[in-house]
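Next up is one chain by itself, shown in structure tokens, the form predicted on its own.
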């Protein structure tokens, strides 16, 4: 404090930071990259452990043994599903009632803002079926949920059958202290969204649904099952939810503990765990696993039905059965025992899961990176923006030297007008508002005038508006205030740097992965851009590091990490699909990535684009 309160020392410190501004910024950027890549190295990780005492080890033995019955039910369910041409509601209601559950149905409908070509749907109508097993040893104030989506074709038949087999087994047990809800939802996330909104009496996405006739207690945790084969070689744990939310780490630890106990092969991000951390191959494997989690979390979509439960502070995860070419096989009975054990542990909870981490990265299921370890990587990037802003602040306050009759005099710089900064800021944000609103609202007009589908019209309109933002008058400050001044662009850049620092900081606090990816591409060019740089080369670099190209790079990197590389043409088509899905996820489930990019990140980038062409 003495250093900052003393004017002379403060001036000396400011002068030092100004003189060494560029070298310090370069060191910070390199340190951020090295720090982040080092997170996958064993010394930077912590060994997983169970924080919640109520879910600690017990002497209970899992006794589920109805695996063969579940496989028979899967064939029966598949036959009725083909006969009904979709969800066999009547058969499911009868099957649940025969197992002693209180059974209810919920109908719902949702008109999409434009057709979802990936799943070939526009007007969605469906029915959810759920049964409630009432707790015999408690006042029924809390509940657990096991859900299995009814997918098209023969997908997920085994999951629904295992859910019914577990319901029959659980019905004969007397130790349940929480209600257990068995939910079979139609149309994947849309059905889950309708059921959750009906259960919590909310309507935040414009969904039309019938009110729920049966309710249980406050939901404490949820498990989503995805099994599409009689032969399972491994179980993959899916954690990433809507807007980058993650469940409490104890839920992942619980899954891993039971996999270890029962000898089940388990994966995260579809990758097996390795123990050779000290080798180059082991580090590369951990780094790829962690990068996959970062990319999936950054996109903001829900990667399973569990993702929508997290919005309601319900800890949830999806367990996905993988049938690969591995020789290791797991039968359906073992999977049932694993789920029985997890539900019995959750049944022991006396309060919500809260003692472990909610912010973490996983290079493997046995080790994790806590928020205290990975946030410094982002902090180093944010420091660059603040250092550049400090440098501009010092230069704006320094008097200019002018020569009058051979005598050098200090002249106080004139402050630029408010409109010099306000005009480009307003125009940039109006462009962002157009990018957010117009693609969906202009789809009908685009379809009438161009030979494209509704989905293509939305995506191409968004790209057109994004490109049009680059073609706006570069010197927007001249619209109202005449020629730009040297002080004008410095004030605008100072404003833009602080604005970007706040945006990225708030984003990283909610979704670290998204904030870090945006920072790693935006910070270098925004920190160094000036009107005195070569225009053509700088413009190309700025476009290549813009938010749209960042999404494109992430598409190619993701495909490489899942070992399914694509050509440039295929990557472009995936890029267009990612844009359409981002807009749909925002309209259907409330994903915040698209409005964040359209209303804030892109306009902020346009302000730096305006600085480059400042005259």
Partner chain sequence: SHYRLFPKSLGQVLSKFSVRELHISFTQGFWRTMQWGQPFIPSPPGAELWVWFHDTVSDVDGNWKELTNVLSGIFCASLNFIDLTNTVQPSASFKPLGLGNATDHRFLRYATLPREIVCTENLTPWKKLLPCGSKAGLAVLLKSEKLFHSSFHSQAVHIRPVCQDERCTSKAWELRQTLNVVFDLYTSGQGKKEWSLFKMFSRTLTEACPLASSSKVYVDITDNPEGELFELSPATPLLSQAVVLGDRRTYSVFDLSRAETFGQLRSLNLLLRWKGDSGDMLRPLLHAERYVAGFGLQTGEIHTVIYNNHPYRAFPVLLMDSVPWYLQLYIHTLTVTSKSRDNKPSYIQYQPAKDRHRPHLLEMLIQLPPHSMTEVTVQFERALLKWTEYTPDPNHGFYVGSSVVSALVPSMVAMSTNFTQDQPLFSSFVPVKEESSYFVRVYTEPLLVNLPTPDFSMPYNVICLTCTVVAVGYGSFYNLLTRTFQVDEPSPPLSKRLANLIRRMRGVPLLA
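Numbering follows the first chain given and starts at 1. These numbers come from a predicted model, not from an experiment.
Keep in mind the form predicted together with the partner chain is missing from the figure; the text below concerns it.
Quick check on this chain: which one of 395, 329, 200, 274 has a heavy atom within 4.5 Å of the partner chain in the model of the complex? The residue in contact is 200.
Which of 441, 94, 80, 137 has a heavy atom within 4.5 Å of the partner chain in the model of the complex? Flagged contact: 137.
I'd like to check something about residue 486: if you look in the model of the complex, is any of its heavy atoms closer than or equal to 4.5 Å to a heavy atom of the partner chain? The answer is no: residue 486 has no heavy atom within 4.5 Å of the partner chain.
Check residue 236 for me: does it contact the partner chain in the model of the complex (non-hydrogen atoms, 4.5 angstroms)? No, residue 236 is distant from the partner.
Is there a non-hydrogen atom of residue 270 within 4.5 angstroms of a non-hydrogen atom of the partner chain in the model of the complex? Outside the cut-off, so no.
Consider residue 311 of the chain shown here, and say whether it contacts the partner chain in the model of the complex, taking contact as heavy atoms within 4.5 Å. Residue 311 belongs to the contact set for the partner chain.
Check, residue by residue, if 75, 323 and 573 all come within 4.5 Å of the partner chain in the model of the complex, counting heavy atoms only. No, the candidate spot makes no contact with the partner chain.
Report the stretch among 209-217, 151-159, 451-459, 531-539 that approaches the partner chain in the model of the complex to within 4.5 Å, counting heavy atoms only. Looking at the partner contacts, the answer comes out as 209-217.
Residues within stretch 336-359 having a non-hydrogen atom within 4.5 Å of the partner chain in the model of the complex: Sequence-ordered list: 350, 351, 352, 354.
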